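As a starting point, one isolated chain is supplied in structure tokens, in the form predicted alone.
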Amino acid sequence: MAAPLKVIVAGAGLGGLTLANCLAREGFKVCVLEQASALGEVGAGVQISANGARVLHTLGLEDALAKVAFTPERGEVRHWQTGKVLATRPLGNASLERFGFPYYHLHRADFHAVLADAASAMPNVTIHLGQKIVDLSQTKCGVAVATEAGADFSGEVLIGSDGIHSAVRAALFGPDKPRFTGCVAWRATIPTDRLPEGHVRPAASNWIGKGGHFVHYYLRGGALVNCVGVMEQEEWAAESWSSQGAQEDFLTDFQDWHADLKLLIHNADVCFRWGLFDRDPMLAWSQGRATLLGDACHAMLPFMAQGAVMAVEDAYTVTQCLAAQPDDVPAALKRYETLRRDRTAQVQQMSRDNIEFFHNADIDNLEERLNSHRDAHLWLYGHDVTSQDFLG
């Protein structure tokens, strides 16, 4: 019997650790290389819809997620000044009934910890910290990487899940070409006990408005409120979501918006601000025994709340493709790319299109756009990544 493939996973973020769990459960040897000196996640809230929850439950993470998640009753679109609910989509029990899986709101750090704990408990997973990849090479039989720390690692497969500034993508395909979207995002988390009772509804609330939009929802079983405000702006330089901003500037950007939103901002201790950049879909993700996953190959704007979910779907798909063709890694990676590229490109486009929709609440065809938005979510959430033909 042939020895299991050794897979090098670049990056121990949400996508990389989901991948490590998927691979380990299929019997692969997994070597995770993370450039940071400690495991962890920055950022705040992440939404995992039923199509992603399906994979996470398959990995046996249902109980661990239930301990740290908030399950919203519905999604709602509201008017930026009046607060009127313009459209709703049922979540909660309706997600279970329609799609078979829940819709989760998670703090990124909590989600990351669930994935890290599960991966670390697997005997066929090793995680190496402080290992930033600076070079890679391939032969017909394997792939090797060198790190900035002077270490060398080798295996039969390399999967770059190392984010928007992916070193693996740069080594395979050269630098990417991000474009500033004209949008800048704010984020903050607020302890719920600072707010009037019932101030935030048990929903994923998206206030669409004039030149911007504002999203808020509960985290950690309702103990925290996650807020993200996006406003159009002409210029921005850095692409990072860990840059601290001033609360008064956050308030200034949303000074004409509903008082409920300004109350949220007033109760935020720390605010972060970052520019939103967009990328065209890549024509190819794979080269020989190496491929890409998640933001490394299809970074997308957060306007469909599907960035993390697409990485989860990627992780399951590439694992099953390798399991179906372990003796032909390049073919397996091409099959993975074929299964994923069109879907992720479509979600990238849908997210891009939502800028116009979210930032103009008073357009004449609003009802038509709301219906289209609702249909798009049904298409997303109903996808069953486990039922694909992985062999092709």
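Computed from a prediction, not measured in an experiment: that's the story for all the values here. One rule holds for the numbers: they count along the sequence shown, beginning at 1.
Quick note: we don't show the form predicted in complex with a small molecule, though the next part is all about it.
Whether residue 41 contacts the small molecule in the predicted bound form should be assessed with a 4.5 Å heavy atom distance threshold; does it? Although the small molecule is absent here, residue 41 would touch it in the predicted bound form, with heavy atoms inside 4.5 Å.
With heavy atoms only and a cut-off of 4.5 Å, decide whether residue 98 touches the small molecule in the predicted bound form. Because no heavy atom of residue 98 falls inside 4.5 Å of the small molecule in the predicted bound form, the answer is no.
Using heavy atoms and a 4.5 Å limit, would one call residue 253 a contact residue for the small molecule in the predicted bound form? No, residue 253 is distant from the partner.
Check residue 217 for me: does it contact the small molecule in the predicted bound form (non-hydrogen atoms, 4.5 angstroms)? Judged by the heavy-atom cut-off of 4.5 Å, residue 217 is in contact with the small molecule in the predicted bound form.
Stretch from 151 to 159, 129 to 137, 84 to 92, 261 to 269 whose residues place a heavy atom within 4.5 Å of the small molecule in the predicted bound form: One stretch meets the cut-off, namely 129 to 137.
When the small molecule is placed as it is in the predicted bound form, are 102, 114 and 382 each within 4.5 Å of it, taking any non-hydrogen atom of the residue? Judged in the predicted bound form, none of 102, 114 and 382 sits within 4.5 Å of the small molecule.
Report the residue, out of 109, 276, 200, 118, that has at least one non-hydrogen atom within 4.5 angstroms of the small molecule in the predicted bound form. Among 109, 276, 200, 118, a heavy atom within 4.5 Å of the small molecule in the predicted bound form occurs only for 276.
In the predicted bound form, the one of 50, 33, 69, 30 near the small molecule [non-hydrogen atom within 4.5 angstroms]: By the 4.5 Å heavy-atom cutoff, the listed residue in contact is 33.
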